[in-house]
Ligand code: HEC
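Only one chain comes next, encoded as structure tokens, the form predicted alone.
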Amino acid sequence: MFKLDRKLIITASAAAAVALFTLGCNGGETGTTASTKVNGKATIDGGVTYPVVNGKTGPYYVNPQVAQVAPKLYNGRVPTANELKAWDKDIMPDGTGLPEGSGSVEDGEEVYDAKCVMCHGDFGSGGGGYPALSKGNAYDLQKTLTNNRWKDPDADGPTRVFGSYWPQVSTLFWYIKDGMPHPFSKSLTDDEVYALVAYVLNINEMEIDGEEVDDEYVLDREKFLKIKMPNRDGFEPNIAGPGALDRVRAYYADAKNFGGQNLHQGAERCMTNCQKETAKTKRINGGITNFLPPMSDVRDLPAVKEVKVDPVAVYKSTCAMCHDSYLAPGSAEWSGYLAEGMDTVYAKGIKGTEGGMPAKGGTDLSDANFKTVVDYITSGKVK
């Protein structure tokens, strides 16, 4: 959620969270006493706890067989200090966890073209189901976050990419270091991560301490800590620092803070008949029927001539990053998959797999062209 003239624009995902945070659930309907507090304070997530009464918790029956079984621990143990240290890799906005190192925009572009472009597109333009990293000047695009299509239907909507939307650059460093490139996370050196961050700043046309991050810029730890994101103050409520939980409670206790017209203004949780009537609706029967010329009911699309692709070229530009190390063209590793039949292999490739492969490998190929690429990868031969 971010600021807009002292109100908030709520994204689709955040809308559900707001409903839980503030409007909550009405426990009075079940005849039991529902708890919406922990240690005397309102729950931050809007959760409600129902005690077990007459074999029910809230509106649901309790399975007595499950309720009487004590939970089991399966080979659990306390992690060692070294194990905790290996997992504790957070990079905080104040520089905590940020390693020493350096990297240039030029080096970052080389790493990006070798390990990132096949998913995130040229110059971070996005594609194949993976997010764009840039859409232009971050400072100009940050201003689009206040665009309202309900006020001006012809206006462009908010542009939410790294440069325009993210409040802290530390998240970018951590995410690249910990999770990229897919599926070889944690394989980049600290210098490579600095270089990639520098490149992403460059394609977002950003500055550091008044200096443009141009093609020759070299980013290091000292300069990194001076980065100020355009939208760093664009989110509500403030969750940074001591007292954050109490600030969140106070913020969501007042429905006016997020534009809601709740009848009780957040004082009581509500799930039905919560909104004041703000507009009258008048429905018009019938509709427009005398179109000139008449509307066509033909649903046929014009025939499109299929242009065949070179499966080897597609493999090298899109697939090699992942498949060179596993399931390379014609490798014996394919035998287990081919036993399921080519129709199954085609279907999994077209839809994407749980192992991380995007649908059609992130391409926009037709099914027929994609199958020719699959034929090449599974056999090592161009048919």
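Everything numeric in this text was worked out from a predicted model, so none of it was measured. For every residue, the number given is its place in the sequence shown, counted from 1.
Omitted from view is the form predicted in complex with the named molecule, to which the following refers.
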Please state whether all three residues Lys135, Ile208 and Lys228 have a non-hydrogen atom within 4.5 angstroms of the named molecule in the predicted bound form. no
Note: exactly one of Tyr251, Phe123, Phe235, Tyr130 sits with a heavy atom within 4.5 Å of the named molecule in the predicted bound form, namely Tyr130
Q.
I'd like to check something about Tyr326: if you look in the predicted bound form, is any of its heavy atoms closer than or equal to 4.5 Å to a heavy atom of the named molecule?
A. yes
Evaluate Pro183 for contact with the named molecule in the predicted bound form, applying a 4.5 angstroms cut-off between non-hydrogen atoms, and reply yes or no. yes
**Study point:** Non-hydrogen atom contact Leu145 with the named molecule in the predicted bound form at 4.5 angstroms
**Key:** no
Q: Examine Ile44 and determine whether its closest non-hydrogen atom to the named molecule in the predicted bound form is within 4.5 angstroms.
A: no
Here the chain appears without its partner; judged in the predicted bound form, the stretch of 302 to 310, 166 to 174, 289 to 297, 213 to 221 with heavy atoms within 4.5 Å of the named molecule is 166 to 174
Applying a 4.5 angstroms cut-off on non-hydrogen atoms, the residues of 213 to 248 near the named molecule in the predicted bound form are none
